[in-house]
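Single chain ahead, written as structure tokens, the form predicted on its own.
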Amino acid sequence: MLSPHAPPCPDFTIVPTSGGLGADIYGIDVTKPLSQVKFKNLKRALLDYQVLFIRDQSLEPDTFLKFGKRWGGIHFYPYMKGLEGYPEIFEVIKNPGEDRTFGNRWHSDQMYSEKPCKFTILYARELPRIGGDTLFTNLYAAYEALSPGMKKLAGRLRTYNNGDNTKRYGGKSRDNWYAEKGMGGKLHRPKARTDVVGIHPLIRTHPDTRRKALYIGDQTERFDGMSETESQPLYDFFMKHVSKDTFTCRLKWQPGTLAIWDNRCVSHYAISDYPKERRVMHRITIKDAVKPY
């Protein structure tokens, strides 16, 4: 399922993690300046493998942000404030006893934006002793596995994605849910509500690889032009389809692990299996210049 044109790279070692997608990268220290050629090869590896895992990094917020900006302009998460002094970095924390894990559903980041973020860069700072893995799935492969008839139907559909969909929070607004979970101090409400609803093609074309991907996630409320009731059977089919084991890989985090993935062709799922332990991650998302098409 991997790109057929993934060549050996002289600048670092690439070890595929599964037959579905993903690669471990060895021989890179992102705290040190990467040459233009080396960084270009790293971007090429991301296009080929869709998600990259770089172990044993030692990143403070300043070095993390400097590396993140190499990938493009920052896409600010509209609902939560960033770190003090580093608003571009969003801190994802789950404390012992909390019953909701951030990202604990299949999704591509910020699908509700008119121009969803291009890349996500996530860095592990504090981890539970066991658990807290992340699953990734190959949305190219999910599209390619559809029958010709289903591809034709899917090609006519557009998804209505809503960041304020109360069904995702037990009937509560994001504001109320965050406040109840002790995160009210980090809450940030967008001044305009224009960037919390996005309507996108169900089958999107990657602007760099030109490959088609099945673009759907938990932020999808319904299909455009349909009611939620009408949309539900199709939505359930596509969500079950994209999460098939054969399309996926699993990341077992270690302190210092850095993951980079391409939201235009990847969906991910944060596993919530560490109820009594703390997990702290730092995240940067990179904005895109074009709408999904």
Ligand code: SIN
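Predicted model only: the values in this text are computed from it and were never measured. Residue numbers run from 1 along the displayed sequence.
Not pictured, yet referred to below: the form predicted together with the named molecule.
K.L.:
Just one stretch in 233-241, 38-46, 260-268, 60-68 has heavy atoms within 4.5 Å of the named molecule in the predicted complex, so which one is it?
P.N.:
It is the stretch 260-268.
K.L.:
Is the gap between A213 and the named molecule in the predicted complex 4.5 Å or less for some heavy atom pair?
P.N.:
Residue-level check for A213: no, no contact with the named molecule.
K.L.:
Using a 4.5 Å heavy atom cut-off, state whether V92 contacts the named molecule in the predicted complex.
P.N.:
Looking in the predicted complex, residue contacts with the named molecule include V92, since a heavy atom lies within 4.5 Å.
K.L.:
Does the named molecule get within 4.5 angstroms of any non-hydrogen atom of G163 in the predicted complex?
P.N.:
Judged by the heavy-atom cut-off of 4.5 Å, G163 is well away from the named molecule in the predicted complex.
K.L.:
Does at least one non-hydrogen atom of L122 fall within 4.5 angstroms of the named molecule in the predicted complex?
P.N.:
Heavy-atom contact with the named molecule at 4.5 Å: present for L122.
K.L.:
Going by heavy atom distances of 4.5 angstroms or less, which of R222, H206, K115, H107 would be at the interface with the named molecule in the predicted complex?
P.N.:
Contact residue from the list: H107.
K.L.:
P128, G103, P78, G82: which sits within 4.5 Å of the named molecule in the predicted complex by any heavy atom?
P.N.:
Contact check passes for G103.
K.L.:
In sequence order, which positions of 271-287 have a non-hydrogen atom within 4.5 Å of the named molecule in the predicted complex?
P.N.:
In sequence order, R279, M281, R283 come within 4.5 Å of the partner.
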